[in-house]
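Heads up, the chain below is alone and in the form predicted alone; it's given as C-alpha cells.
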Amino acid sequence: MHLPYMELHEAATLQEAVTAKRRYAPDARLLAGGTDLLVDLKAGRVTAGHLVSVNRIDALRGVSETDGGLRIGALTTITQLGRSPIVRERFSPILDATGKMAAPQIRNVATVGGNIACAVPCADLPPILTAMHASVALWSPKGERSVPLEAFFVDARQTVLRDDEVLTRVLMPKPRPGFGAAYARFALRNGNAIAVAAVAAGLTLGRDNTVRNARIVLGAVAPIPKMVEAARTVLVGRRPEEEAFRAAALLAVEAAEPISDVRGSADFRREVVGVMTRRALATACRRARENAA
C-alpha cells in the first residue's frame, strides 16, 4: 500500500485550518497524528487531495485541571495523556485505555482528538470517556458548541462534526464522591492489537451502598460506542453484587451488534462482551467505594 499524491497545508490557527479545509472541500481532511487517517488513505477507505495539518496550533495541546474538572487538548498524544499527573491522581480510569492502546511508538504520535474524531468503532478512548460523562468542544468561525460524547457519534467513521468545525478539546467533570469507572478490553495479543470487544462502566454508589447511577458503554461491537440503557436500569437501586453484574452483562450481550471478521466471530464477541462487562463493573465498583465521601 502506498499513499496517493496529496498536498500538505500547515495551519497556524483554527481559522486558517477551517479556511484551507473550505478552499479545498470536499477533497481536504484535517491531519493531527495521522495514525488512523494515513492508514485509511493507504487502504483507499478515504480519499483526499489535500491534508490540512493542525499540529502548529499550540492551543490544542495540553492537559489541565479546571474548576469543573479536566480539560484535554485535542492534540495531546496518548502518551502525554497517560503520563499526566492530573489524570493519574484524579481521573485514573482513563489509564485503563491509554496503557493498552497500540504500541508505544503509536501512542507517542496518536492524538486524543484523532482517536475520537476518526470515529473508528474499535477506538479505545470513546467508551471510557463516555462512561465518565465527557463532552467535546467543537469550534467554528461562528462560535463554539459543546456536545456530550454519547451524542457525538452517528455511525462508523461518521460524527456530528460539521465541515467548518474543529474538535478542540475534551472536557470531563470532576468525579463525584462515590463514583468509579473502569475499561476492560480483549485483544488477540498484548501489544499493538486493536480491541476485539471492549466495555467501559461507570458507577455512582450512594451512602447505603446501592447504585444511584450507572453507565455501560460497549466498544468494538457496534458501529459507534453503544450505551446500554437497559443495563443501567437493571443496576440502579440495587446493591453492586455479582448477581446484579450478571444481569447487566446479559443485557449488554443482547445490545451488542458485533460482526464476524479475522479477529473473531460475532458469537465469540458476544461472549467476550459478557465477561468484559462483569470485569468492568467489578473494578468500577471497587473504585467507587475507594472514592466514597
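Numbers follow the displayed sequence, beginning with 1. Just so it is clear, the structure is predicted and the values come from calculations on it, not from any experiment.
The same protein has a further form, the form predicted together with a small molecule, not shown here; the description that follows concerns it.
Within 4.5 Å, heavy atoms only: does L205 come near the small molecule in the model of the complex?
Although the small molecule is absent here, L205 would stay clear of it in the model of the complex, with no heavy atoms inside 4.5 Å.
Heavy atoms within 4.5 Å of the small molecule in the model of the complex: does V170 have any?
Outside the cut-off, so no.
Going by a heavy atom distance of 4.5 Å, is L31 a contact of the small molecule in the model of the complex?
Output for L31 is yes: heavy atoms within 4.5 Å of the small molecule.
Proximity of G114 to the small molecule in the model of the complex, heavy atoms at 4.5 Å
Taking the distances in the model of the complex, the answer for G114 is yes, it comes within 4.5 Å of the small molecule.
Candidate stretches 140-148, 118-126, 211-219, 84-92 - the one whose heavy atoms come within 4.5 Å of the small molecule in the model of the complex:
Looking at the other structure, the answer is 118-126.
Please pick, from I72, A198, V166, A131, the one residue with any non-hydrogen atom lying within 4.5 angstroms of the small molecule in the model of the complex.
Selected residue: V166.
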